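Okay, here we've got a single chain as structure tokens, the form predicted alone, with questions on binding and movement later.
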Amino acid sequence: MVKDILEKPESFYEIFERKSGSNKLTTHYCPGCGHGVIHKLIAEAMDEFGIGDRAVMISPVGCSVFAYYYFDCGNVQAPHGRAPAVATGIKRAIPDSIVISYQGDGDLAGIGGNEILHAANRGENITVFFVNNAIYGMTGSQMAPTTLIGQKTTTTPYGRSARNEGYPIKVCELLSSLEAPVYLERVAITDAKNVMKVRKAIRKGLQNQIEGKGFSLIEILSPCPTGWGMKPVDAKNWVDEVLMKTFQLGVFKDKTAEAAPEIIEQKEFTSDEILKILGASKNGSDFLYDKPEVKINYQNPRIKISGFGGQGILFLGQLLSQSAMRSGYYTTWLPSYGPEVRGGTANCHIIISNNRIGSPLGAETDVLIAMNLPSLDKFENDVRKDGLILVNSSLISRNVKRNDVEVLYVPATELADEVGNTKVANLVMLGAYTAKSKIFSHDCVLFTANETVKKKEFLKVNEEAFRKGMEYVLNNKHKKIKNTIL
């Protein structure tokens, strides 16, 4: 006697251990929501194609934000609307992966509208599942780009108006005007017949990617009972009777039959080609400098530099990171800006390490270079015990409050003024840190600065400022500089 065994697809976790709360057997979706059905259809397709081990699910902000609870595959969380950009990066870095961008209407058609437009226009070989429920379902039922004319939401309490809020954006119609997309179809989660069409479209979108044929997007009309304020059965009927009148189902582009598989050439670079790209000589004499011996407390520093915009904060970080590369270290440089450039705040994180770096941000800071008072106020407590703080005492009038860190007070702006340009205070501070840490040679730093500076008339003043900073520290090394302005 034959028995049907009903169980979760293998591409679903058997128990949702990552899910918060005690109930690990059900999803977090509301009753009647279409996401659960769509998840099941995707997982079944992944099983059928045997792609679970190389599939990567990209889930941005929205109700699908917790897709990693359920799918037993690679999972990446993307910022709001940026899933196509993240998917592009992963697909290009790992061409054999099967990359799925799973997005809602507020995410894809709203904040991510530009991302999806350009990914489609480039014909990226990814598969996009676009869940359209005509509302921001997760964040409070606000109007979405796909909200219907006359539809009431928390931000359109009298109904969407074409004059005030514009018309609903029809993504499939919009993308169908582009040359590159291979497959665009709109389907709906309603009755069994339509669900089977969704199942077929999902498989086709994945099959196109497996065969390397290019960009596929499947738009899925889905009920949102909670966001719409309806019972689940009424919400499903509303998709059939109302939503489909604006968003008509059908295939908007299908070039699957004639699309040729994409051939990706993996270019291998010879050592000579790499040296040429880097602008280095074959023996590396103008590229690689020997690592000096560094005291344990100054090894593998996680550095934060902060000051006003216009003080060359980010440039100082670049010089540190590039000098580190030329000295054979692993390094990262991560900038951060305030809304203004000159006069606003700016800071950057630099990691210099003898080992591979897992993240450009560290939990602690080993070295803080504070170029102004707001920077010292904000970041002083981030420095680890026994860490190092370099203070631009020309602009910072107070002492460091802590007594468990090492402090260098360097009048960087005054020393820069002595060489004729206060803008090179950052080079003074670079010289001070180089002399103190000895993490790389001064020749390496000067070479890097000369290679990096675009205006060659600044080379002499930069070198003088750098040497001023070094000499200041070296000439005062016998003095106790901890918590005492020199």
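The structure presented is a predicted model; accordingly, all values stated were derived computationally and were not measured. Counting begins at 1, following the sequence as shown.
As for the form predicted together with a small molecule, it is not shown, yet the points below apply to it.
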**Report entry** Contact residue in the model of the complex, chosen from 133, 125, 375, 190 - any heavy atom within 4.5 Å of the small molecule
**Finding:** 133
**Report entry** Heavy atom within 4.5 Å of the small molecule in the model of the complex - the one residue of 181, 84, 307, 106 that qualifies
**Finding:** 106
Query raised in the report: Are any of the heavy atoms in residue 58 no more than 4.5 Å from a heavy atom of the small molecule in the model of the complex?
Result: no
Query raised in the report: Would residue 137 sit within 4.5 Å of the small molecule in the model of the complex, counting heavy atoms only?
Result: yes
**Report entry** Any non-hydrogen atom of residue 276 within 4.5 angstroms of the small molecule in the model of the complex
**Finding:** no
Query raised in the report: Quick one: is residue 118 in contact with the small molecule in the model of the complex, heavy atoms, 4.5 Å cut-off?
Result: no
Query raised in the report: Can we say 175, 199 and 253 each have a non-hydrogen atom within 4.5 Å of the small molecule in the model of the complex?
Result: no
Query - Option from 59-67, 43-51, 437-445, 415-423 whose residues, in the model of the complex, bring a heavy atom within 4.5 Å of the small molecule - result: 59-67
